[in-house]
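There is one chain below, alone, in structure tokens, taken in the form predicted alone.
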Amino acid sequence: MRNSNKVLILFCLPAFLLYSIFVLYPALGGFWYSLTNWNGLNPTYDYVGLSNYLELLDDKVFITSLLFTAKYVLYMVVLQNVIALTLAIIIESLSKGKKVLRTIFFFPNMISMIVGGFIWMFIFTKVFPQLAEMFGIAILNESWIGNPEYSFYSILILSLWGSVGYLMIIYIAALQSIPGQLIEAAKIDGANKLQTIWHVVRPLIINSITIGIFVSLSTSFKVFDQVYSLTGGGPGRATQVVSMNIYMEAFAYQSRYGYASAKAIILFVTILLITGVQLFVMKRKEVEM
């Protein structure tokens, strides 16, 4: 038994070393820099303690970006999982064309969101006005990127387009693991489609729902590419998410790397707490079911 454990440790060691070098060490370094006034370039810097964190309390731009990110996360978690699960159920109920539809909906996930942002920028600025002129749909003639009222929804559309396919595959795998006899038994007992989904399918795929919500939460809080390529955080700072605020603080505004590191630590702790609570609550539901 001891020899087998040694073999397992040896197999895991290279991956652990790489993880330590490229993830753990930078993370710990980021926490240290958050306690300094380093600008990211100079070899010398001063230790300032918690002053960066205290400054965050009065940083209205950061607080606004945090609230905007929270709004984005709420929409994404709900819409991403509902749409992905709905697509999975519809596709699995078909007798033909499953592989084609899976490929079509998963394909955007394989495209860089930087590229996807430019694709949708063209759609919002060129295609939508043409459609509005052809069919007289007034909402398509709005400035979906330049208007703060619509720019949020343009980011949502791009994000959902690029991410729903990934969760759809997870839910399809979960649906395929359900024994067909249970579905047949529910039909024999007189359950309709909605009752079957809620009372039979939902409890059996609750593990996948937990994973789906976890993935949505963690990725949505860290969103950057979609916003950067589509709106650049604009108009003004109307769509600036936390990750973009951190990037701007570290590299664009005043090169305040230490202050940006403090913001990154706050984002990390926020994600850790929210996803931890989500996993705790969902795991309890799994046990109850």
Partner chain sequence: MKKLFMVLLIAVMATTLSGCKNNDDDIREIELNVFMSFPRFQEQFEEYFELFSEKMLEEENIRVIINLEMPSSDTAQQLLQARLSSGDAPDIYTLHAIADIPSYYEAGYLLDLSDAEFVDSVYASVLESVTYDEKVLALPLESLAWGYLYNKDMFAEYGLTPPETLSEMEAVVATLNANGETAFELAFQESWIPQLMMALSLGGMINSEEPNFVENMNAGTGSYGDIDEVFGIIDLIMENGTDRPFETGGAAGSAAFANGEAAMWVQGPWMSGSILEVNPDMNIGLAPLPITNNADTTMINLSTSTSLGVSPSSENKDIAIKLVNFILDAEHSSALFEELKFNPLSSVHTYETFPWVDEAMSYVALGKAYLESALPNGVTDETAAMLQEYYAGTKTKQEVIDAIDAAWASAVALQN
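Numbering follows the first chain given and starts at 1. This one's a predicted model, so the numbers in the text were calculated from it and none came from an experiment.
FYI, the form predicted in complex with the partner chain isn't displayed, but the following is about it.
Novice: I'd like to check something about T196: if you look in the predicted complex, is any of its heavy atoms closer than or equal to 4.5 Å to a heavy atom of the partner chain?
Specialist: Although the partner chain is absent here, T196 would stay clear of it in the predicted complex, with no heavy atoms inside 4.5 Å.
Novice: Does A27 reach the partner chain in the predicted complex, with heavy atoms at most 4.5 Å apart?
Specialist: Looking in the predicted complex, residue contacts with the partner chain do not include A27, since no heavy atom lies within 4.5 Å.
Novice: Taking the shortest heavy atom distance, is W38 within 4.5 Å of the partner chain in the predicted complex?
Specialist: W38: contacts the partner chain in the predicted complex.
Novice: Applying a 4.5 Å heavy atom distance criterion, does I157 contact the partner chain in the predicted complex?
Specialist: Output for I157 is no: heavy atoms all beyond 4.5 Å of the partner chain.
Novice: In the predicted complex, does every one of M121, W144 and F251 come within 4.5 Å of the partner chain, counting any heavy atom?
Specialist: Yes, the whole trio is in contact, each within 4.5 Å by some heavy atom.
Novice: Using a 4.5 Å cut on heavy atoms, which of I63, V48, A70, A238 is close to the partner chain in the predicted complex?
Specialist: Contact with the partner chain in the predicted complex is made by A238 alone.
Novice: Since the chain is shown here on its own, which stretch among 74-82, 135-143, 162-170, 176-184 would lie within 4.5 Å of the partner chain in the predicted complex, judged by heavy atoms?
Specialist: Stretch with heavy atoms near the partner: 135-143.
Novice: For the stretch 90-129, which residues lie within 4.5 Å of the partner chain in the predicted complex by non-hydrogen atom distance?
Specialist: Contacting residues: M121, T125, P129.
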